[in-house]
Ligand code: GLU
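One chain follows as structure tokens, the form predicted alone.
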Amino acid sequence: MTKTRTRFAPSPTGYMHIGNLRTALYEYLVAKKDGGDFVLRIEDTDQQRYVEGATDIIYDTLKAVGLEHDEGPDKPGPYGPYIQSERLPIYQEYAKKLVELGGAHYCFCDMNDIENQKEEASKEGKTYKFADPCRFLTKEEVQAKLDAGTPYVIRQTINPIGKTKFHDEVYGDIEVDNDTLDEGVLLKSDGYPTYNFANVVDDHLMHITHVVRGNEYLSSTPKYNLIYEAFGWEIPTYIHVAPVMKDETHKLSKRNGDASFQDLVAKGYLPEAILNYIALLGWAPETDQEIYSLPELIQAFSVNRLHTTPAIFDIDKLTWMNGIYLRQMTLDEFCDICVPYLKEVDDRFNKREICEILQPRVAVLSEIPEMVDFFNALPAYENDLYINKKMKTTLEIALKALNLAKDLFASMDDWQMDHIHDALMNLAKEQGMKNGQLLFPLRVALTGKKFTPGGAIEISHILGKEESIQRIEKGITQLSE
């Protein structure tokens, strides 16, 4: 039985797009489900779009989400090199071999003339299909032009008679008329291959058995198959996936400024939560389970559960899932990832205790600085903040609560959390007040906020006795004016 081999072949053109990362994930799952190999190949033949440092971003992203490749530029294997710009002689050799086999031909046409023809057809609302006169040149005429140094490209030769049929694991059997297929360029005049040619040659030479890619390549696949057939090569299994959409009509796109993997991480989303979420964008597990580790995804994944319809990226769903991951961490793990987000909090406050009240309430790490900014300094706030219908608090009740809390705190020597809790609960009971009538005004006075990561008891404990009393006194003064 042939070993399953998939490849992730990104172009180093910037940050990792969510759709690209999802493709990498599906390729990884297809390979690992069958105990196969996951290959990383850098497709950098489009030198005009190359971005310095983008290859490192690819490495860093795959490492961050745990998609470890078995072969690649940094993990040499038997089918390298794994960077396309280092494989130019290979493409040139196979392009010329394809000419000999009749699957391609030399084209000496002026590319500017062709572009002008395309523009004219576009203006007239017509579909442009280049009819290359060079395919009818004799061998002698071709050789004469080559000997004369005439610039050329190598273009695919397609017999317009007949149909080309292929099977896709997601979309089923697809058949197209050959006369609708454009004879595209395979090798450019600068010796660089086009994507259409390089990926076919590389997939064959690297023994790729399963090709996973976006469904925008469905229309090009018949042309790829004609190249395979011309060489007499085995055609891989195709798995085309529907796109990830921003909404019902717009695809997620780096060009439109939509969030990349790096953007989401910078906003405080966990790599493992992002990976879990994008796995479900276009794939439906057989159960209602939504939270998956990578090993669980390998176990559960099946190609026949991939959707043919686009998936819409829902940031709210990702935020919910991210919160689940944060709450599943140990407190030590949560504290470790919170370090950058608590750097503005004064060291006189116990940051571990702050993390403890944050963990049950944080959904995205970037929320943290705003949630804890009151620790260093009490923000200005209006007295209306003390009024809460649900807690049944008025300004008068709030003033009474603060005076009671001030006296209680001043009398306390034991500042342990459980002691603060018991003392406040007993005070409310003694005064015939509902707990919220005492605790809500106290929280407002301590934080200047209506909503906080912890309650009055936890916050007063972290602030300390002296700081808590000072803030309560400010609240009393403000309410008394």
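The first residue of the sequence shown is number 1, and the count goes up from there. The model shown is predicted, which means the values in this text are computed figures rather than measured ones.
Heads up, the form predicted in complex with this ligand isn't pictured, but that's what we're talking about next.
K.L.:
Using a 4.5 angstroms cut-off on non-hydrogen atoms, would residue 212 count as touching this ligand in the model of the complex?
P.N.:
Taking the distances in the model of the complex, the answer for residue 212 is yes, it comes within 4.5 Å of this ligand.
K.L.:
Taking any heavy atom pair closer than or equal to 4.5 Å as contact, tell me whether residue 37 reaches this ligand in the model of the complex.
P.N.:
Residue 37 lies outside the contact set for this ligand.
K.L.:
Although this ligand is absent from this view, report whether residue 11 comes within 4.5 Å of it in the model of the complex, heavy atoms only.
P.N.:
Contact with this ligand, yes.
K.L.:
Give a yes or no for residue 320: in the model of the complex, does one of its heavy atoms lie within 4.5 Å of a heavy atom belonging to this ligand?
P.N.:
Answer no; every heavy atom of residue 320 is more than 4.5 Å from this ligand in the model of the complex.
K.L.:
Of the residues 108, 79, 325, 195, which one places a heavy atom within 4.5 Å of this ligand in the model of the complex?
P.N.:
Filtering the options by heavy-atom distance leaves 195.
K.L.:
Would you mind picking the one in 217, 166, 228, 171 that has a heavy atom within 4.5 Å of this ligand in the model of the complex?
P.N.:
Contact check passes for 217.
K.L.:
Can you list, in sequence order, the residues from 31 to 47 that come within 4.5 Å of this ligand in the model of the complex, counting heavy atoms only?
P.N.:
Result: 43 alone.
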